[in-house]
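Single chain ahead, by itself, as structure tokens, in the form predicted alone.
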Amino acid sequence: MTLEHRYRATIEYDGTDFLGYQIQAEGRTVQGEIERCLKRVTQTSVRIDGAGRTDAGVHAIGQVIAFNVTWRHTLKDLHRAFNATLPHDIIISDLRITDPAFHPRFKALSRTYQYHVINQRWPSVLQRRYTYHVQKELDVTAMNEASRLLLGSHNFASFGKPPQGHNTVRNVIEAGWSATSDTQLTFSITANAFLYRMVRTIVGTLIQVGLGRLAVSDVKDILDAQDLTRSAPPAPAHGLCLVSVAYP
């Protein structure tokens, strides 16, 4: 007997050629490609739910989706068919049957993003799609000092807009910079949820601290102002990656 199940998938994608995660009337999106793939594989129209809506150009290695589908074969067969049908810039890294009530956005406890910077004189040709090139040497110590001011529950209206409603309070669990090589820096941030462009705007502001154009104390003043015009412009999308989503 064939039964409908709810499936949970972890997906990776190179966001370079997408207009973002969420399906749109026109243009290529991650959701649109996955739903098109599911229709080819299952011969039915399927709507997927996602953990978050990444912007155009943003990448993911830990985006989580869920969908209901009737499938006559094994889970491995579905996984294999999925990846054989998806375009080259999306892959399903994990697929499993989940609880019928599971929703990747509403059940999530936190999300973790990373932003990658290459800090050297010349850009890197091979990493140009995934790192933001900053030519002048950055003061990582000052950037980390400023990052600590963001920890905890705050009104982050100075760093983004709510995707829906009016609530701009978010709880940041982790935020900090680390050097992955002599020239590469990674900013990692974990929060219960994020505002629209919040991570990129935080990164753009912290880079101004690293360049000496803002003082560490300025970041506290910007946060307290709850005014989006006070922060620096958002860093480019291509340096950002959704790394993981945590669940109970």
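In this text, residue numbers run from 1 along the sequence as written. Quick caveat, the model's predicted, so the values are computed rather than measured.
Another form exists, predicted together with a further copy of the same chain; not displayed. Remarks below refer to it.
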From the list Thr74, Asn171, Asn167, Asn83, which entry has a heavy atom within 4.5 Å of a further copy of the same chain in the predicted bound form? Asn83
a further copy of the same chain in the predicted bound form has a heavy atom of only one listed residue within 4.5 Å, and of Ser178, Asn155, Ser93, Thr141 that residue is Ser93
Counting only non-hydrogen atoms and a 4.5 angstroms cut-off, does His79 reach a further copy of the same chain in the predicted bound form? yes
I'd like to know if Tyr13 sits close to a further copy of the same chain in the predicted bound form, meaning any non-hydrogen atom pair within 4.5 angstroms. yes
Is Ala60 one of the residues lying within 4.5 Å of a further copy of the same chain in the predicted bound form, judged by heavy atom distances? yes
Although the partner isn't part of this model, could you tell me whether Cys241 comes within 4.5 Å of a further copy of the same chain in the predicted bound form, counting any heavy atom of the residue? yes
Could you tell me which stretch in 141 to 149, 100 to 108, 119 to 127, 158 to 166 has residues with non-hydrogen atoms within 4.5 Å of a further copy of the same chain in the predicted bound form? 119 to 127
